[in-house]
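A single chain, nothing else alongside it, follows as structure tokens in the form predicted on its own.
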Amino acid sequence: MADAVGAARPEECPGTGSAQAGSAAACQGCPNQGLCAAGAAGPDPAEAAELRARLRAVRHTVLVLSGKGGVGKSTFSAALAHGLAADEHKQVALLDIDICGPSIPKIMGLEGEQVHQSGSGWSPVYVEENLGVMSVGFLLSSPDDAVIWRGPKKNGLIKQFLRDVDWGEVDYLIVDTPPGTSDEHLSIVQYLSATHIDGAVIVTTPQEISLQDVRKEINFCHKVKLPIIGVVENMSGFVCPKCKKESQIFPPTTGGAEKMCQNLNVSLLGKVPLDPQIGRSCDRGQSFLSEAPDSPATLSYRNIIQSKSGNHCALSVPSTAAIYKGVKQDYFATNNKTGNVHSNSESNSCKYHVCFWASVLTGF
């Protein structure tokens, strides 16, 4: 993993899946040496067989990753789970392995719920009959409790989630991960290597400070041989619900995710615009897709989700720019409005728009 931080050339790094991970000559001096050495072994054959047996009925597994926190990864994971579960014939599971910052119980409206155990293992907490959730948040006495664990204990809980939760027949297992490329990411990839992973969806925002960490995340995926389904650009512009004009709250100063994906030969799956209703829906534990079905953000989510379910997790979609343009055109046609982009001189033309800028600074 040395090349992810620039300490060695990519060809010199043995990769985390190698028996020499953390011990090869190229690993000397790498900041990730200890991390790679600790996770190099992976599950033993007996453990791998146990995981395969438990997860044999899971058809598709998708990891949701982000390089930086706060880009909307858990929000996207929840929307993806809700969107896939809209098909009542599909069984969907959402696994939250963000051990220190579990937000999925709140977003899914399950705060205060507890895990129950049966003869077949831990039972997921169900939002709907076909949407089950598991999170460390269900094991805490209070949502304000801090989880102060070192890597081995976090890894043990992740293994327990995979081995002991009775998921049953599942069409889609969505795994919401913490930001970065650390213990939890190595553990989930290595444990799931005993079964099958369709790949990872990486969530970012348009500005360069977020894209820098996404490049590291892409590097990580290459090193651990995790297929990259594609990138989702979240918070991609804001369409004012009053004047219907669009503003770039987080300007893509280096071309945004679209340019990065072109440079790295990675698929751009979609651009999801900002909508204040997303935050309100998450705080209430309600599905944003259901509460705001005509929002441009909902239409963007649905484009991504429909392509996923229609292509068996391949997420092969048309040009994202074309999709986003079509979403905007459909929305404005429905509302008999025209969508123009705010220029700097127009930024005060809509009082609601000014209120939104103020709300951004105060977290809505």
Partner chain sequence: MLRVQDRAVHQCDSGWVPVFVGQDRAVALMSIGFLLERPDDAVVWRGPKKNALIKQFVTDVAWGDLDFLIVDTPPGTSDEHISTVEALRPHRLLGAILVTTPQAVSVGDVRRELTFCKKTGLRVLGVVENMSGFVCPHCSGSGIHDSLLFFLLQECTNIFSKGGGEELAKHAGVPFLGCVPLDPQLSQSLEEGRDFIQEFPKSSAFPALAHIAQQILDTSQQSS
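Numbering follows the first chain given and starts at 1. Source: prediction; values computed, not measured.
A second form of this protein, the form predicted together with the partner chain, is not displayed here; the remarks below concern that form.
A.B. asks: Consider the chain as shown here, without its partner, and state which of 267, 207, 130, 193 has a heavy atom within 4.5 Å of the partner chain in the model of the complex.
C.D. replies: By the 4.5 Å heavy-atom cutoff, the listed residue in contact is 207.
A.B. asks: Can you pick out, from 161, 172, 76, 238, the residue that has a heavy atom within 4.5 Å of the partner chain in the model of the complex?
C.D. replies: Flagged contact: 238.
A.B. asks: Look at the candidate spot formed by 100, 144 and 148 and say whether the partner chain comes within 4.5 Å of a heavy atom in all three of them in the model of the complex.
C.D. replies: So, yes: the whole triplet contacts the partner chain.
A.B. asks: Within 4.5 Å, heavy atoms only, one stretch in 114 to 122, 78 to 86, 161 to 169, 136 to 144 touches the partner chain in the model of the complex. Which?
C.D. replies: It is the stretch 136 to 144.
A.B. asks: Using heavy atoms and a 4.5 Å limit, would one call residue 253 a contact residue for the partner chain in the model of the complex?
C.D. replies: The answer is yes: residue 253 has a heavy atom within 4.5 Å of the partner chain.
A.B. asks: How about residue 294: is it within 4.5 Å of the partner chain in the model of the complex, going by heavy atoms?
C.D. replies: Contact with the partner chain, no.
A.B. asks: Report yes if any heavy atom of residue 110 sits within 4.5 Å of a heavy atom of the partner chain in the model of the complex; otherwise report no.
C.D. replies: The answer is no: residue 110 has no heavy atom within 4.5 Å of the partner chain.
A.B. asks: Just to confirm, residue 225 within 4.5 Å of the partner chain in the model of the complex by heavy atoms?
C.D. replies: Looking in the model of the complex, residue contacts with the partner chain do not include residue 225, since no heavy atom lies within 4.5 Å.
A.B. asks: Note that the partner chain is not shown here; using its position in the model of the complex, name the residues of 161 to 181 with a heavy atom within 4.5 Å of it, in sequence order.
C.D. replies: Those in contact are 179, 181.
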